[in-house]
Structures are given as C-alpha cells and as structure tokens.
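Heads up, the chain below is alone and in the form predicted on its own; it's given as structure tokens.
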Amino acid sequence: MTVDSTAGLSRAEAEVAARSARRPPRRRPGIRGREAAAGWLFTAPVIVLIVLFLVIPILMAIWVSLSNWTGIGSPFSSNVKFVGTRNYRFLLTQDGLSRQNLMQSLRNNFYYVLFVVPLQTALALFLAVIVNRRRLAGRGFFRTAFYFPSVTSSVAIVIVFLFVFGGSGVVNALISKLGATGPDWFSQQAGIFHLGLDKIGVHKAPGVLANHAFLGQSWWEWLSGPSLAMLVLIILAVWTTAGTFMLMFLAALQGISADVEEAAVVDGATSWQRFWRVTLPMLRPTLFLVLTLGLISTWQTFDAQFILGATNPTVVTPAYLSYQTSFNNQQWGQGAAISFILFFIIIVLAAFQRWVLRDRDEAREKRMIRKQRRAAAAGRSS
C-alpha cells in the first residue's frame, strides 16, 4: 500500500514537490574523480621542484647541523657521526671563541636591523608620497632615479662606497675642507655610542654595565652601537633598498580612492591629519609587507661583508659567519647550526611584528565571534 506524500497540498504545491522529486540530487562541493587527477597532474611539477630544491636541502641541513661533518665526502657516509645538539651548545651555552663570534655577529646585525629597517621604510614612504603628487613635474624621471640604485649591481655599489669612504675618499676630503680630520671608516672598531661617550669624558664602562653579561658579552659591549664601518653599510643599504619599497608604497597609494581624501578635506582635516588618520591606516597591509621584507633581508645581509672580506669584526653578520665557519674553517655542523639559529630569530621577530601591526578591530571582532560560538555551544550542551 502506497502513501501519497502530496495529500493535503494544493495543486501548485504538489507540482513543485513533484518537480523537486524528479530533480537529480545536488552535487556536493569539492574536487572528485578526474578533476582531482587533473589537479595533481598540473601541480606535480611544482611539488617536485619544491621537494627537490627546498624540502630535501632543509632536511640535509638539519642533519648537518646535528653531525660532525667537515665538508669532506658525503654528509651521510659512515665517517660522519651524529652529535646531537653539541654544535648548538658550543654556540649558545659554552664559553669559547664560537660563542663569542656568534654573539658579536648578532650584536652587529641587531644594530644593522635597528637602523636600516626604520630608515628605509620611512624614506620609501616619503619618496612614494612625493612621486604620487599629480602636480609634480617629471614624475617618471624621479621614479626611475629613485629606483635605479635598487637594480644596480650590489658589488659595484660596495666598491664605489669603498672609494667614497676610503682614507682619501670624497667624504674625508669634504671633512678636511671643514677643518677636521676624517676617520678611518673601515678600520675603526669602536661603536658610535662609545665614541660619543668618549667625547664627553666617559672613557670606561660603569660598574653595572661592565660586571653584568648577557649571552657571553657585557651590557657595555651590547650597548656600543654600530661601528663606523657598519654605519657605512647602513647608509648603503638604505640608499639601495628604498627605491624598491617606494614602488610598493606607490602602488598602495594609487589604490586609495580619491573620494576618501576629498571627504577628509570636506571635514576640515589638515594635510598631516589626512596622512596620519586616513592614508597611513589604509597602508597597513603594505607597511607590514615592507617591514617584513626589510626585516628578513637585513638579517640575511651577506654580500657587502663578503666583498669587504670582514677584516673588521664589527661588520661580521650571522650569515657571513655561517659561510666563514663552513667554508673557511671546515666546521659545517656549526655553520649549519648558525643558519638555523638565524632562521629562528627571523621567524620570531616576523611573528612579533605581525602581532604588533595586527588590525585590532578585526581581532576584536574575531574574539567576539569566538565568545558567541562558545556561549552557543554551552547553551546547546546544557
């Protein structure tokens, strides 16, 4: 005996129900069958390249950092022994030359990052605002001129800076015309903060700073500031990278609607208020991108130190120290360990930077949504 499911319905409702019954079932969203096979086929070359040139080298580097490989033969031969975290202990916890060199390179690179990242970001944003003006004559020329140092060979630029800041270079010649004697830029090892204190009569470290150490170096050494040689490299980095970041800011500025600026003008906002309250908040994603790229590139600086030869220890960075330890000293385990320590530092600082520059309104909305979901789940369970 069959039951008529359309009983009690009007004729129109019965026709709709009949059409729905005849309609084929809806296909669930997702990839299946031949679509999945085609997707894997198209992505297979990229996956193979990533595995061959990224995943496998990283795994090999991890093994090298945990072994005593000296660079002779294969790192997987029977002569290579697993030493665990010994290379990391030598670098981080045990007093010795390895730890001293690493901490000095971290101090050098810290001041390099501290000066370069804010200066190159501020200069790039300033240049982008200038070349974005509609009334600026020759905007194309200025954009090209500001970007040109970024595409010039880094080797050529470093060599030019060696001549400009040399003992008889242009900078010292200009200083001599002012009646002073120019410093020996690439041989001076004292930090600029120590040099400044020496000028005002502070010739030795206070007891508190001299007697307390952090990671193998006294606080007086940590607070020395960049040397004159590192200061030259800071100027070089800001000059060569600001043009690239200028283009990023320029693209973001051109993406801001003119209606927003006009509304701020109608409300009586000044030029500074429009920039600070309207333009800069809308540049938050680009600002985060520029700061992140600047942070990564400055912690990985290597080419200038390689060209200089790092005869001055105050310009040695962890990236160059890793190369020097591996290729010159044949301590490949410690060289790989330095690379992973540097990788960890970059990851931590990038995550902290992301947390600082997060959109607080969006984060507040996400927290409210999570609270509402938890309350709803608690209500259903009760």
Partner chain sequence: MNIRHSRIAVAALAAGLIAVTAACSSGGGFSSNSTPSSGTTGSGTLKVLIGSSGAAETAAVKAAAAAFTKQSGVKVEVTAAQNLTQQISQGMAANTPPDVFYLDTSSFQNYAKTGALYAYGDKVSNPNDFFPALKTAFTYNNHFYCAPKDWSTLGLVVNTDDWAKAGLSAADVPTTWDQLAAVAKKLTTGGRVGLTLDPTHSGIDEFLLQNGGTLISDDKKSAAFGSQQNIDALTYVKKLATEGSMKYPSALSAGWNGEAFGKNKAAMTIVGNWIDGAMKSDYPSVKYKVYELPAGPTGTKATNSFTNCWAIPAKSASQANAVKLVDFLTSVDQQMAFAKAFGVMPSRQSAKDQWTSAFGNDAAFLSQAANAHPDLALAGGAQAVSDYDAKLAQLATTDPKTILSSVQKNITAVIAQNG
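Bear in mind the structure is a predicted one, so any value in this text is a computation, not a measurement. Numbering follows the first chain given and starts at 1.
The following text describes the form predicted together with its partner chain, which does not appear among the structures shown.
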Within 4.5 Å of its partner chain in the predicted complex, do we find a heavy atom from each of 184, 306 and 332? yes
Of 128-136, 184-192, 263-271, 152-160, the segment with heavy atoms within 4.5 Å of its partner chain in the predicted complex is residues 184-192
**Prompt:** Does residue 167 reach its partner chain in the predicted complex if we count a contact as any heavy atom within 4.5 Å?
**Reply:** yes
Does any part of residue 97 reach within 4.5 Å of its partner chain in the predicted complex? Heavy atoms only, please. yes
**Report entry** Contact label in the predicted complex: residue 321 to its partner chain, heavy atom within 4.5 Å
**Finding:** yes
Quick check on residue 71: any heavy atom within 4.5 Å of its partner chain in the predicted complex? yes
Answer key, its partner chain contact in the predicted complex at 4.5 Å (heavy atoms) among 347, 41, 51, 357: the residue is 51
Note: exactly one of 214, 82, 76, 276 sits with a heavy atom within 4.5 Å of its partner chain in the predicted complex, namely 76
